[in-house]
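Form predicted on its own, single chain, as structure tokens, below.
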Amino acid sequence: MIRDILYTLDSPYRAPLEITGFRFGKGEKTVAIVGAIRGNEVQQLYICSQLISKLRALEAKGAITSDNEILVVPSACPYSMNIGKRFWAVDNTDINRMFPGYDRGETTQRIADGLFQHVRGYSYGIQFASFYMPGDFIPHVRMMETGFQSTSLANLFGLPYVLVRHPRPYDTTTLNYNWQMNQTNAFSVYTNQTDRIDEVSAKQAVDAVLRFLSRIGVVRYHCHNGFLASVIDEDQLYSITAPDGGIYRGICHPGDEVTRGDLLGEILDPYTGDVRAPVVSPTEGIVFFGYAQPLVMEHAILYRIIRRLHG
């Protein structure tokens, strides 16, 4: 294992920001793995730490095949992580909306450029990502439909679902999209936590990446075969929004099967505790995403359901 400082940003009032990378094996630039780009992505940072531990042990046993390099970047924004702030601590901008970056631009553009210069050119790119809405997911692999995506490769992770997303204009400045535009097979791996550590789904993510590395011939590693993934289009997900604002009490969770009319949650009056509005499923399927904050605003997305289509 080689530990490198990939990028340094000097600061007039504190220690420099450093992006650290860990390299395993040597040879062709095969796989780049990126963890926390945002400051609250504690789960993503933790997954990288566990993956680095596994790869270090595999390398010591000679289990990384020849002429392959793996680069792991646990965190791209330690400044924000130190104070628990999701976006850039100074101006609240999102580094994952700044790719491919610009070395003479704003601070977050420079950080994105500094990271991207080191992770571009790899055959495969894996990001442990988080969603813009606070909530929990079924663990899955997400990829953008750019013409350079492969659901068959995404199946090699052995996670329950592969979700294909049609890119919107703001997606063109994400790491995943720019990887693909630079001929890298890019995958975003989602677990069911962001700002808290969930050991079960973290282990599932580590196993999924090692399974993928094994199946593409980069490491020699034996593990459970995982799932035969269901490939779904994001347009298949049915969104259920909050009919009112207040204290939110969720009842169903990702992975639960629901039928039409099932009670999914309740919105309570924050002063009296009365039920302001029940949240009822209008369809049949499997809960893919569930809102996970104690307070909710009207019209916020509470659930996304994989609709079960009949016939």
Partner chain sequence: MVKTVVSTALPIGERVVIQKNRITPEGGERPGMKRLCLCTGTHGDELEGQYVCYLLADRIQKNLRCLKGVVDIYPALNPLGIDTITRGIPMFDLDMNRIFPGNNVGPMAEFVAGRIIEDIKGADCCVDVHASNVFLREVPQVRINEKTEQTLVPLARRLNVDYIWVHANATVLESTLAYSLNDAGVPTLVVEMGIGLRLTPAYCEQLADGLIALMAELGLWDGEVPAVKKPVESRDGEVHYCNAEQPGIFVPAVAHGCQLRKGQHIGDVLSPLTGRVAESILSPCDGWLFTLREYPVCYAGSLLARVLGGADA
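What you are looking at is a predicted structure, and each value in this text was computed from that prediction instead of being measured. Numbering follows the first chain given and starts at 1.
What follows is about the form predicted in complex with the partner chain, which we do not show.
Looking at E18, you'd find every heavy atom of it more than 4.5 angstroms from the partner chain in the model of the complex. Among residues of the shown chain, G261 is not one whose heavy atoms approach the partner chain to within 4.5 Å in the model of the complex.
Mapping the unseen interface onto this chain, T241 counts among the residues with a heavy atom inside 4.5 Å of the partner chain in the model of the complex. Looking at G147, you'd find every heavy atom of it more than 4.5 angstroms from the partner chain in the model of the complex.
Only one of Q236, S123, T173, S214 comes within 4.5 Å of the partner chain in the model of the complex through a heavy atom, and that residue is T173.
The partner is absent here; in the model of the complex, the one residue of G39, G285, G35, G246 having a heavy atom within 4.5 Å of the partner chain is G246. Proximity to the partner chain in the model of the complex, taken as heavy atoms within 4.5 Å, picks out 90-98 from the listed stretches 154-162, 202-210, 90-98, 139-147. In the model of the complex, R104, G105, E106, T107, R110 are the residues of 99-123 with at least one heavy atom within 4.5 Å of the partner chain, listed from first to last.
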